[in-house]
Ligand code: FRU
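Take a look at this single chain, the form predicted alone, given in structure tokens.
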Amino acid sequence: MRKLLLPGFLLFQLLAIGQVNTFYKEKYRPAFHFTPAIHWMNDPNGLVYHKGEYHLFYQFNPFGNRWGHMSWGHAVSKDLIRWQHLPLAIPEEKDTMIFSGSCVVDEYNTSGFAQKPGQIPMVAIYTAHIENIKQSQHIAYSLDDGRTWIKYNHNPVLDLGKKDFRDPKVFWYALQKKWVMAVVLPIEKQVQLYSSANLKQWQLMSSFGPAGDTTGIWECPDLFEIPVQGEPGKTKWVLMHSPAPYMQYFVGDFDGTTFKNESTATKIYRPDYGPDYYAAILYNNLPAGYKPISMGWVNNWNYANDIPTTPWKSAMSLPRELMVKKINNEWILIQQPLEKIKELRQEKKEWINKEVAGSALLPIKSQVLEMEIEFTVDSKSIAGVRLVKGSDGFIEVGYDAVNGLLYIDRSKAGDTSFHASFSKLSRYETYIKPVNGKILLHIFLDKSLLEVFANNGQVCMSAQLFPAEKSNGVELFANSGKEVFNVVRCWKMKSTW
């Protein structure tokens, strides 16, 4: 069987090395989000910064455009915007797939993998998955800055003998000079915390959960320290994970052994309130002074295999800079798009104090754009913007002032026929208060992807859409009243491919 699959694997290797220019022009292909050249991709893995490079590993099927044969794909970037594909990093082997995990820079050679003076090992910690039998935690290491990987010859390093036990996120806890691993028991809906001195032997310290959203299995945990917005020098700890098919987070403190939640116990807090955001984790080993940066998978397990894209499937979110802020006595995760994305802006258009009653079509035609919108809320109105407007409909981003809800509605945004769940999961909404009587929207549209950052990152919503290529209009709207759009700015965006 593996011999029959080999040509597809070799094709991917050639594409990765050669950076074939025939791709990245397809229908629905995002222009400034990361996508693989070909084949299936899901969770981001092993996000790490090392020697001036941002590494992005990801769940990847080298043999086809649907989930299967999980291995680690690999790309690197100098700026988190423009990416270079590299050959497959860690391939499946016999009956063992390479599931999600993390990567660390073992600066002090605690693992002992360095063989020469000056070598700094990169160590990947991942779940080895044997279908319907067992999941355990394995490691692999690289001594050439992530270009080639060697699997540790005494794997597994953590094995509970369970069928479901996965997704290790590891970081260096400097205060106690030890490695900490967050890993999930998906069925029990628990995050377990382990410690290690050398990445090879692990001891259980504590467990967290069930808590918050327990409707789906728990996956892809991350535990990280994060700045408090507006309070220099102050930090909090965030425990974030993915109760399928969405995500949630808790804010509190970590003493090196136990995470203590300070979030409201009866409320679910999500890093993204749209249908398509999953498995986000943060970059390890960022230089001092950098804000924490995360990336997530823009898809949904309800229909992920069937979205109408070819020869690739799935995209990563824009990199997000993270902080927390206490708002109305609740800790809220604040997320902003990476500042460097502004380099892609071109052809700016701007309107000031534009009054809209009903609708107003703007002189913009594009499916690849960035928008900043600020409008004064009329207490009786529903207002916002419609994108990819054409003869077959639009996607609507709006604020319902009567109910205090920010929403996205993609029910009229193009092809929904490929899966029944996609058409059913069309409208998403969440509560948000105006800021000084205004709603602020920061929107990125990238062919088949939409990301919305509202009120300076207090709320984020991400969604896929599959519009006709000629549907490229932009329209402001105000139902049941008149809205003053104080500021509307729009930029067409350059492709990074």
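Counting begins at 1, following the sequence as shown. Only a predicted model underlies this, so the values are computations on that prediction, with no experimental measurement involved.
From this point on, the text means the form predicted together with beta-D-fructofuranose, which you will not see here.
Checklist entry - Within 4.5 Å of beta-D-fructofuranose in the model of the complex, do 273, 320 and 462 each have at least one heavy atom? => result Verified in the model of the complex; spot residues all out of contact, no.
Specify the contacting stretch among 262-270, 382-390, 419-427, 97-105, defined as having any heavy atom within 4.5 Å of beta-D-fructofuranose in the model of the complex. Only one stretch passes the 4.5 Å heavy-atom test: 97-105.
For this session: Indicate whether residue 172 is a 4.5 Å heavy atom neighbour of beta-D-fructofuranose in the model of the complex.
Result: So residue 172 does not count as contacting beta-D-fructofuranose.
Is there a heavy atom of residue 396 no more than 4.5 Å from a heavy atom of beta-D-fructofuranose in the model of the complex?
The answer is no: residue 396 has no heavy atom within 4.5 Å of beta-D-fructofuranose.
Please run the contact check for residue 220 against beta-D-fructofuranose in the model of the complex: heavy atoms, 4.5 angstroms, yes or no?
It does: once beta-D-fructofuranose is placed as it appears in the model of the complex, residue 220 has a heavy atom within 4.5 Å of it.
Checklist entry - Within a 4.5 Å heavy atom cut-off, is residue 250 in contact with beta-D-fructofuranose in the model of the complex? => result Answer no; every heavy atom of residue 250 is more than 4.5 Å from beta-D-fructofuranose in the model of the complex.
* Could you check which residue among 471, 42, 61, 35 gets a heavy atom within 4.5 Å of beta-D-fructofuranose in the model of the complex? => It is 42.
(request) Using heavy atoms only and a 4.5 Å cut-off, determine which of 70, 48, 439, 31 is in contact with beta-D-fructofuranose in the model of the complex. (result) Checking each option against beta-D-fructofuranose in the model of the complex, the one that comes within 4.5 Å is 70.
Interface residues of 482-497 toward beta-D-fructofuranose, as seen in the model of the complex [heavy atoms, 4.5 Å]: None of them.
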